[in-house]
Every structure is written in C-alpha cells, then in structure tokens.
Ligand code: G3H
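We begin with a single chain expressed as structure tokens, specifically the form predicted alone.
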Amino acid sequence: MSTPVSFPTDEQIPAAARVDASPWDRHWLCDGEIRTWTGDTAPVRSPVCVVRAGAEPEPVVLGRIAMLDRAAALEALAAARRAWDHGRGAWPTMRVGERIERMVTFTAGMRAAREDLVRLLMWEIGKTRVDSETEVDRTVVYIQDTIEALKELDRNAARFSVTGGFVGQIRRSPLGVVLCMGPFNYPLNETFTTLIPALIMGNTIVSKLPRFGQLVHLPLLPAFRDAFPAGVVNVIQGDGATVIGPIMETGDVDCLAFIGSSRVANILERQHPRPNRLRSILGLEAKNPAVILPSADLELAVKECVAGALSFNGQRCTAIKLIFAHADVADDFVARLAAAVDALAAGMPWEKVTLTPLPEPGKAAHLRALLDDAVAGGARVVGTGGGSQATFFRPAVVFPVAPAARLYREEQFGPIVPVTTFRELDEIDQFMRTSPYGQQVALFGTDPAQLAHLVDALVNSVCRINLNTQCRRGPDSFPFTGRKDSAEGTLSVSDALRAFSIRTVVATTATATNQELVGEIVTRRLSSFLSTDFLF
C-alpha cells in the first residue's frame, strides 16, 4: 500500500503560499471594461484539500467565477466584431510597430502580476511552485520571442518584388475575430500560444477561459484593458454549451483556436454555419509512446520516461502515455521504472515535491477504472502505486498491458504509466499506423540501424521523433503539431504568426507612372500596409 499524501490543516498552510482570490471574484472583460457579473456564479474549488476538526479532507474554495449567459457571450462577440469593423478597426489597421508597443505594455503588466499568477496556478490546478513559476516566466519569454519573430517577418516583407512586368508588395494581414479556448493543464502558456500571435497580428479576440484555471487569468484583465483598444480582447467565462454554442452559431467567428479534445473540437466546428469561412488551429489529444530498444541505456530511459510520463502528474498532451519495452529488457526496465516512480515525493504544490493533487473532480475514480480494466486483462501494478485519497492519486506503473486494455489505446491524461512488450520493430510501426493519434514518439536506444529503421517507419505517422529524450513541446522555435486526431495547424513562435494571418499582395504593372505612384505612397507614409519601414 502506498503512503498517503498529507493534506494540511488551515494552520499548516504557510503564509508565503496563501492566495486571496476575492479581488477578482466574478470579473470579466468586455469592450474595454472590467465588469462584475451579477448573475449566476460557480465556486472555484482547489485540488488542495484541508483537514478540519478530524473530518475528511475537503477542497478549499478559492473564490467564485462568473457563469455568463448567452446574452453576455454575444455582447463580448459583438465588441470584438466592432473592434474588427470589417478589417477597418483601429487595431487591425495599426502599424506593426505600434502593435508591438502595445504588446510590450501588456508584458510589463504581466510581469507585475507574476506572484499572483504563480500562487493561483498552485491553488487552482495543483501545479508545483517551481512549475508554476516556469509557466509564467516561459509565457513572458514566449511573448518576447513572438515580438522578435514578428519583427523578422515584417522586415522580410518590407520590400517590393518586381517580376513578370509587375511590381508588388506581399505582407500578412489578420483574419478577423478569433475565438481562443485554452486547456486547464497550462491555462496561461497554452492559451497564450494562440492568443498572443493572433492578437499581435491584428485580430480581435474572444477568450473563453478553461473549466479549471480561470482565476489565474483575472489578474491580467487590467493589463489587457490598458494595453489594447476597447473590444480587441474580451475575456469570458461560463458553461461551454451556454456561451460558446451561441457564439459559433452566429458565424461571426473567423478563426477558432482550440486546445482540448477532438470530440469537442468537432462539435464546435459543426456549430459554425459557414465552415468554409472558418479557419481552425487545434491542439488535441495524443497517445505518445516511448520505445525501449534492447540497446537502450536503461538508466537514461527510466529518468526520461519518469519525467515524460509524470511531469505535472502526466496531465500533458505531450506526456508519454504508453511504453513499449523490448521483451529482452522489459523486466529490468520495469523494475527500475517502478522504483523511480515510488521514490517521487508527493505533497502540496508549495512543497518541494513532484506529485500533487489533481484538479479534475472524479479523476481518481476514472484512473482507478482504467487500472482495474488493465489488471483484469492480465496486467499487475508494479510497486506501491494506484492508491487514492480525496483529490490525490498515487502514480501506478502497470505491466504488462495487453492490447485489449483501455490503457493501451485511451489517453489517460493522468499519473498511470502503462508498459507493454514487443519483439519486432514492426509492432511499433503497426501501433502508430492504426492509432487515431499522431503527435510524437520517444525512441531509446544506441543501435543506429534500429533507430534509423524506426525513424523512417514513423516519420510519416508522427510530427516529432525524440531520440533518447522524452516527448515535449519546446523549444518554442520548433514546430508543434500533430497528425490525424492530434492537431490541425502548426504552432511555433513563427508558425503561429502565419497561422493567424493570410498573405495579401498589392500589385501593379511596372510602368514608370505606377512605380512613381507607389513610391509616393511609401515615401510619404500614406499607407500602413504599403511600407518599407524597418523594425529594429
């Protein structure tokens, strides 16, 4: 039996970890105003539980969030449409340099709110303090990198092409109104990897906050309000069916940026009455495998697989979700893996731990059902994992998982590490060819012939192959995407700018009169689009 996690009493919570969310209760952003919702609200329950008077641990209620209705959601959409104004609004027609200045102002506001953001991440989704700090700081770096990428993109466009008797300038233009919906596991970073590039390219935004990790966005509402024109950024909350369905059904959303499940993405896209006019950038689920070859350095493989499978309790789309261990090394690998998992420290987010409580209600019961199904199919729990207490689930190494088990195919999105065996390399190829997902794979081995064989077999089934290292998103300069049901569109610092814009050309025949006309427009800086401005 695994050692239970120790939930604190109220008195045991250190002052440096406490957070007061009441200043942001029921707040939302619409048309440049931070508003206080007077309608229905919902409590925000932390995965962190406290023990009071000998009772069972109970989740801490952090505050209340607005449960907006249909009318409020449509009001936010209308504000975004007005700010867009058929592409003639102040924001979409603003010079790139000015938009960058506004983004720099926003970034300063985000830095000022750093400590509030870190503490809210800890309490809302159970992320450790170290990981919470990393998420906030990485997001700031992402914004800075996006600004530099936009400068480079604009510099490359700040020239005219002369070809085939024509002279023209090709630049990128915004798409319109973008609906951004981020996930709970990285509520800041993942949301901003779509919102920031969409915004800086001149689009207007309606941002629907995730089901968990909503409060963490609210300290940023003043920064959004102060940095951008009214209606350019609108931040809403509430039940998805109540607020998102009506928005999509209007047909006024030009681009959907969604990170979540393919099931929900399909529903959202079907709600749009003009699907040919809707551009979608989607980050969806994955079942990323790791492959332990006979030549693998098992010490390295265990270290990378533990981190890859259990960072933030395995609640990452890029997490290693299934491990294929070659039959010749499987027993040794699994024994080492289970020992390493059992050694992971568990506790509260402000402590020096790896494992923390889970934010999704009922998640422990769901994981238990997956575990029981695998055991019924002949697997066993190796080590001391599998136990649960309130919102905490002790990570379990499960071996050998049969192909018929749910854990073999389903994305668990939590702290279970299923391990199966293989003998022939073609078994790995077969798994990826038949999988509905195609994001990444991690290969561990030192035999160049075997690695080369797998690379060539898998490169057209996944979008990233990791050699002797875990699956991951970064660095943000690398393309992040997937095949099949894992993604639509590509996100990297530079790719995202292209995803949320479209190439537009102004061209004319290369006569002396036309060239003089274009030169006059550029020299006198009469146009925001036709320009040879060079951004430093």
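Start at 1 with the first residue shown and count on from there. Since the structure is predicted, the reported quantities are computational estimates derived from the model, not experimental observations.
Beyond what is shown, the protein has a form predicted together with the ligand; the following relates to that form.
By the criterion of a heavy atom within 4.5 Å, Arg138 is counted among the residues contacting the ligand in the model of the complex. Taking the partner from elsewhere, His27 is found to have every heavy atom lying beyond 4.5 Å of the ligand in the model of the complex. Residue contact check for Cys317: one or more of its heavy atoms lie within 4.5 Å of the ligand in the model of the complex.
Contact annotation for Tyr186: at least one heavy atom lies within 4.5 Å of the ligand in the model of the complex. When the ligand is considered in the model of the complex, only one residue from Glu304, Asp254, Glu190, Asp116 comes within 4.5 Å through any heavy atom, namely Glu190. Picking from 503-511, 474-482, 36-44, 59-67 the stretch near the ligand in the model of the complex, with a 4.5 Å limit on heavy atoms, gives 474-482.
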